[in-house]
Structure formats: C-alpha cells, structure tokens
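Coming up is one lone chain in structure tokens, specifically the form predicted on its own.
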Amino acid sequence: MDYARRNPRVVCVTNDLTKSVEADLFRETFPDRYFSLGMAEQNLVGVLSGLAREGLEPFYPSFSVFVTRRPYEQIALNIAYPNLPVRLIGFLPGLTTPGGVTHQATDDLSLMTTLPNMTVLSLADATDVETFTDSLPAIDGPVFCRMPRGEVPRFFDEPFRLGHARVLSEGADICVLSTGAAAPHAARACETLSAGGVAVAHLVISTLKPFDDLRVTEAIADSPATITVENHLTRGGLGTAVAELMAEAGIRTTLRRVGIRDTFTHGGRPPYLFAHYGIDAIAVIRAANGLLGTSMTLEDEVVAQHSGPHEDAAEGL
C-alpha cells in the first residue's frame, strides 16, 4: 500500500480472489486503480500487458498456480517477450493449502525462471514482504514474486535487496541454502546441528533470478557439502540453480536437495504436507546426517507436531 501511495502508476488486477490475496484494502483505498476481471486468467494477462504498454505498473496477485501455470503462454509472449513491467504476485506457493493438486504451485519457480527477462523472487520473512517493493523501480521488466501469507516469521532487520542473500549463521562444516516457506524449517534444523557442534553456514535466498550473488558461491565453495531446502520440486527451483552454479563455477563439493520429488501432491495442513513430502526440519537433519555421518534428531515435540493426520485440516483458502 505504501508503494502504491508513492507511485500513482500502480494498478491492481485480480481474478475472483481479491479478499483471499488481501487485495481488498487496495480496492477500498484506490477504487479507480483496481480492476476485477473474473476467472479468465489468459485474458487477464492480456489486460496486464495493455496496461503496462500505457505506462502503468500493474500488479496481479492471485494463487500462484493461477498466476503462472494457467496463463503461461500469455505471460511468455505478452509480458516476458516485450519485457513489460508487470508484477505477478503468487500467493500459496508450493505446499500450503488443502486444495490438492489444482492449488499446489510446486512448479511455479521452474516455470518463471525459464522465461527470459523475468526476475524471480521467493520471499521468506516479514521484512522481505515489507520491503521488497523498494527494489521494483530498478527492475525494468516483469517480476514474479512468491508471497507468503498469514503469520510470517521475521528473520532479518536488513531490508530486502535484489540478488542479495542474507546470512542466518556462518560455519565451515556444512552449507544450508533455503528459500521461502522452507526457510523456518531449515533454520530449525540448523539450530539442532549447531547445538550438536556442527558449524553451519545458513543463507536465505530471496532472489532466484538473477542468481549471481558471490557470497552464495563462496559459501558453497568453502563448505565440504551443501543442502538446498525449498517448498518446490527439486527440479527447476533453488536446488537446480545451485547445481548449475556449482557446475559452471567448477565447485567440486557434494549437493543434497531437500524438496518435493517428481510427483503431483495432495492437500492438507502445511506441517503434515512438509513432513509427508520430506521438506521439513526433520528432512534437513536427515540429509545432514547422511553427509556428516552423524545421528542427530529433533526434539520430540517437533516430531509430534508434524506427524498428525491431514484429514482434520479445515483451513479455508
């Protein structure tokens, strides 16, 4: 909202999920700059393109599957190809809803990072959410931003900076790189590793493209092994970006990718889903044990929190 107040060129376009993506306050504050176009995402993307060509800066917040997968060709040809300043905001990224395969955006990073001209962000904490818009004026082309919703942890006081990874801990025994909603799980695992005497370098990655922060390269090169942690398929997301970086930089260390394997996913409460698909703190500890030859475990209450059935989940979308 502050960014929109400072920038009268900002307009907001939604499908039928205005309240669900918390755009209702924008609608009430700037009714002349808000447009609801219904469940017609391919047409909606064409409108975004037209608004941008008229000199406006359109934002399209919706569930990430409806931002990325459904209108993919229109985004490629009408937004990315002409390099227009359209801001695509993907709520419910990865495994976050009981909606099942139709609502789980487990491939949104993969789809967006392969588009030329597209900048790709994956926000991890409340400071990211509050400050990422300050980076937008410097980005001429389109942006896809994974947006957390609801209660979001705060890791950093330092504002978001494009292409700048942030350090939660430093150490030379192992490097952990996490992004988005997986960052709190990685942080929990790193706390356990540190308590067990392991020196962990933990960097939170909020910019997936461009992916050229030298501190990331140095952290990987300085550790005998690296673990990537993400709420996304292991193909096409953070793990793939790190694997490509290591290959191109000639870094000969071991990489383990904690993420969703090659499968479609069902719905449930996030703690259950993270445990079921092996992307929670326990999975990170398991990967670290395999690399370090240790046998660490998380506290019992954390394990119990993740082991309940998902059928009792009644979270609204």
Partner chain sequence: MTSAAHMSPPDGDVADGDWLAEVERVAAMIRRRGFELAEKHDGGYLIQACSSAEILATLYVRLMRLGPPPANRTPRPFAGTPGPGRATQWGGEFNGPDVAGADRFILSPAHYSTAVYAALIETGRLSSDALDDYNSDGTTLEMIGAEHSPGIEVTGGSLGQALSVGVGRALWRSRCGDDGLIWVFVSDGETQEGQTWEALQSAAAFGLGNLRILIDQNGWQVDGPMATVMPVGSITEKARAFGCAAFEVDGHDPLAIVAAATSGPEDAPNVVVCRTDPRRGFPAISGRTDAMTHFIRFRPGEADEMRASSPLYSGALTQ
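Residue numbers count along the first chain shown, from 1. Please read these numbers as outputs of a predicted model, since none were measured by experiment.
Another form exists, predicted together with its partner chain; not displayed. Remarks below refer to it.
Undergrad: Could you spot which one of 74, 217, 192, 110 gets a heavy atom to within 4.5 Å of its partner chain in the predicted complex?
TA: It is 74 that has a heavy atom within 4.5 Å of the partner.
Undergrad: Looking at 47, 255, 282, 292 here, can you tell me which has any non-hydrogen atom within 4.5 angstroms of its partner chain in the predicted complex?
TA: Selected residue: 47.
Undergrad: So which of 282 to 290, 269 to 277, 27 to 35, 256 to 264 is the stretch with heavy atoms within 4.5 Å of its partner chain in the predicted complex?
TA: Among the candidates, contact is made by 27 to 35.
Undergrad: Would residue 296 count as touching its partner chain in the predicted complex under a 4.5 Å heavy atom rule?
TA: Looking in the predicted complex, residue contacts with its partner chain do not include residue 296, since no heavy atom lies within 4.5 Å.
Undergrad: Evaluate residue 19 for contact with its partner chain in the predicted complex, applying a 4.5 angstroms cut-off between non-hydrogen atoms, and reply yes or no.
TA: Residue 19 lies outside the contact set for its partner chain.
Undergrad: Should residue 83 be counted as a contact of its partner chain in the predicted complex, where contact means heavy atoms within 4.5 Å?
TA: Yes - in the predicted complex, heavy atoms of residue 83 and its partner chain come within 4.5 Å of each other.
Undergrad: Is it the case that residue 117, even though its partner is missing from this view, gets within 4.5 Å of its partner chain in the predicted complex, heavy atoms only?
TA: Yes, residue 117 sits close enough to its partner chain in the predicted complex that at least one of its heavy atoms falls within 4.5 Å.
Undergrad: Using the arrangement in the predicted complex, list in sequence order the residues of 38 to 72 with any heavy atom within 4.5 angstroms of its partner chain.
TA: Result: 40, 41, 42, 43, 46, 47, 49, 50, 51, 53, 54, 56.
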